[in-house]
Every structure is written in C-alpha cells, then in structure tokens.
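What follows is a single chain, given as structure tokens, in the form predicted on its own.
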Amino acid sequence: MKSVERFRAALEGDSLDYLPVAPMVNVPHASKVLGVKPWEYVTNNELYVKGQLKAQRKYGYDWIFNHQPIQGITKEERKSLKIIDGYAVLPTEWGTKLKIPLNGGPAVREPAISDYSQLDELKMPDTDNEERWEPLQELLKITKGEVYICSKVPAPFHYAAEWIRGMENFMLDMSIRKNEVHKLLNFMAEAAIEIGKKQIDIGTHGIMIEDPSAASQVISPKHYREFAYPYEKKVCSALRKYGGEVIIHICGDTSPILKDLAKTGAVCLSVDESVDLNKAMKEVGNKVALFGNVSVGTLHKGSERDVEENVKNCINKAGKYSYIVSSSCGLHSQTPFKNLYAMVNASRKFGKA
C-alpha cells in the first residue's frame, strides 16, 4: 500500500498491510534534520518544505505534518522580521508577534489585542494570498499523492487564548467577560473554517487541530465543555461536511473529555502518553481512530530497545485497526535519529496486520 492509502485505511478502520507510523516532526526536529536554525526553517518556505521532505524520506514514515501555525510566510511578514536580543520576532497577519529563539521553536511574544474594544478590528485571514499556501502546494506536488499530507488550522480556544488575548487575560475573561470570550472564539472558529476549506480545495489529505490550551491540566472539563468543545465541534463539523478529515491533538491526560472529543466530528484523536490507550480504545475506538501515545521522553532519552518496547506496548493496547502509531506530542529537538528509525522499524515489525 502507498502511505496515503495506509493512513486512510487506518482512519476508516479498513484492513491494511501494517499500521501507519506518523511521528509529530515539527520545528525543532525538522530543522535539525535539515541542518538549519529553527528561525530560518520557520521563516523560509523553501527550507520548511525541504525539512519536512528530508525527514520523511530519511525515516520512511507515512505522513508529512504541514504544521506551521500560519502555514507559509508572506513577503510582508518576512520584511517585518527582526532579530532582537537573540530572538527572531515575526509579526503575523492578525497582529500577534511571534518570537523564535535562534535555536528553538516559536512562541507568542505579544498577543494581538489588549482589550476587547479591538476585537472588531480583527480581520479574517487573506486566504487568497498564494504565498500562504506555497508549502502545502509544493509538498503535494513533490509527493505526488503517495504520502499523507496533514495541514493545520488554528484551534479556536488555543489561538484565542495565546495568540489573540494572552493566556493570563483570557483565563480571567472566562469568568468575568464570557460574552466577549464567546465572540472571540466564534471569530476564531470562522477563521479556522475558512483556512481549512482553502487547504481542502488545494488538496490536503488531512487537517490537524492542536489545542494545548484546552488540556485538562490547564482548564477543567467543565470549562472545556463550555468554551473549547463547541468551537472544536463547529470547525470539525464544517470541515467534515466540506470533505475534510480532521485530527484533534490535545496535550496531557484527556481521559475526562475523550467522549466529548469523539463527538466533535473529528475522524481521529491524537492522545498523549498519559492517556491509557487500551481504555481510550474501549471508550471511543468505535467512533474515531486513535493516534499517538509513544512517549516523547522515551524517544528523546531512551535506548532503541526502550523505543521498540514502547511501540510494541502501544500496538498491543490499541490493536491493529483504527490506530496510527505516533509520538505523544511534538518531538524534542535533541531526539536521536536512531530512535526515530527504531520507532518506524518497530511499527513495521509489530504493526503488521
């Protein structure tokens, strides 16, 4: 089977030759594989594409994670890029400023708004800007439909909290400014839908929503159901209706909200290592595929044998249908190359149908 066929068979619960393997290779590890600084990888569309292609070909896994938070970088954004105090500072379309350590991954330096009076000034993303989609188009062109390409849309809760308002302010707003919070979340959901539809039109095979701010160690299940779930569901349902396949990833132990996540319209849930994979499969495996669970700590610091045992254990718990072997979260920058080879080889060895 081609990688894209294998990946789709796992998502749909169909028979396959062996389980697909799809480590979450993003900024830290992909830039290391390519041999460039993280800020160069993030701010150069050509290097971004080269990094993802080189990593996929190096290890032989079954997908490419088109993971950039704003997809391709435009000329206007590159012109505004500045190096300040050891960081690359990148202003984005919404007004959020990202800081990218010269040797690390990006983070928010300055959220887009300081007060909700500015909310009406936020504009929907310009999905007609071709530079934004250069990486996705190039990845699809080069892989010729043989590798599963998974793009990314902004998770409404995470981007509202981190990118637009700032986490500390947003957490307080959920108690005292609920109407404004829901207005912002609805705006972010509409933006995610427009971005996702554009990606589907271009030809992406899948879409991931990463929502770490909605993790159960950050907000309670009650707050998740009130503020995050409705907008995840809005995005997933709209994109599924449009023909998209959505995977949701939330860091940490999502056991208290797994049943909610399975009702969002996502076709697959990415589960962290703190989730019992066997219990998750019994609880929601008849509704969605599962993805992940291989410890990023073991991949980072364990031996090749440790990695093999971890992968074997995950497969034994999940079974050989409706499961994609992946890291529990994004890889550490210093994850040894040999451990990624061990992960892929163990997936082929123990995941044979």
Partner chain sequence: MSIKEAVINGDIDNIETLIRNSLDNGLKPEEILREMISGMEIVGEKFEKKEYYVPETLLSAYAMQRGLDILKPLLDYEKSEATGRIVIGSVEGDVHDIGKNLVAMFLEGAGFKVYNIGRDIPAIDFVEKAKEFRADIVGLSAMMTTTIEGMKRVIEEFEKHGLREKYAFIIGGAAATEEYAKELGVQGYGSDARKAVLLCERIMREKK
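Predicted, not measured: the structure shown is a model, and the values here were computed from it. Numbering follows the first chain given and starts at 1.
Keep in mind the form predicted in complex with the partner chain is missing from the figure; the text below concerns it.
K.L.:
Counting only heavy atoms and a 4.5 Å cutoff, which of 169-177, 279-287, 184-192, 200-208 contacts the partner chain in the predicted complex?
P.N.:
Of the stretches listed, the one contacting the partner is 169-177.
K.L.:
Does Ala107 reach the partner chain in the predicted complex, with heavy atoms at most 4.5 Å apart?
P.N.:
So Ala107 counts as contacting the partner chain.
K.L.:
At 4.5 Å between heavy atoms, is Pro69 in contact with the partner chain in the predicted complex?
P.N.:
The answer is no: Pro69 has no heavy atom within 4.5 Å of the partner chain.
K.L.:
Please determine whether Gly145 contacts the partner chain in the predicted complex, using a 4.5 Å cut-off between heavy atoms.
P.N.:
So Gly145 does not count as contacting the partner chain.
K.L.:
Is Ser216 close enough to the partner chain in the predicted complex to count, meaning some heavy atom within 4.5 Å?
P.N.:
Residue-level check for Ser216: yes, a contact with the partner chain.
K.L.:
Quick one: Arg8, Arg240 and Gly351 and the partner chain in the predicted complex, is every residue within 4.5 Å by at least one heavy atom?
P.N.:
Checking in the predicted complex: none of Arg8, Arg240 and Gly351 is within 4.5 Å of the partner chain.
K.L.:
Going by heavy atom distances of 4.5 angstroms or less, which of Lys58, Lys320, Lys301, Lys312 would be at the interface with the partner chain in the predicted complex?
P.N.:
Checking each option against the partner chain in the predicted complex, the one that comes within 4.5 Å is Lys301.
K.L.:
Which residue among Glu162, Asp260, Glu93, Glu138 has a heavy atom within 4.5 angstroms of the partner chain in the predicted complex?
P.N.:
The residue in contact is Glu162.
K.L.:
Listed by sequence position, which residues of 256-293 have a non-hydrogen atom within 4.5 angstroms of the partner chain in the predicted complex?
P.N.:
Result: empty, none.
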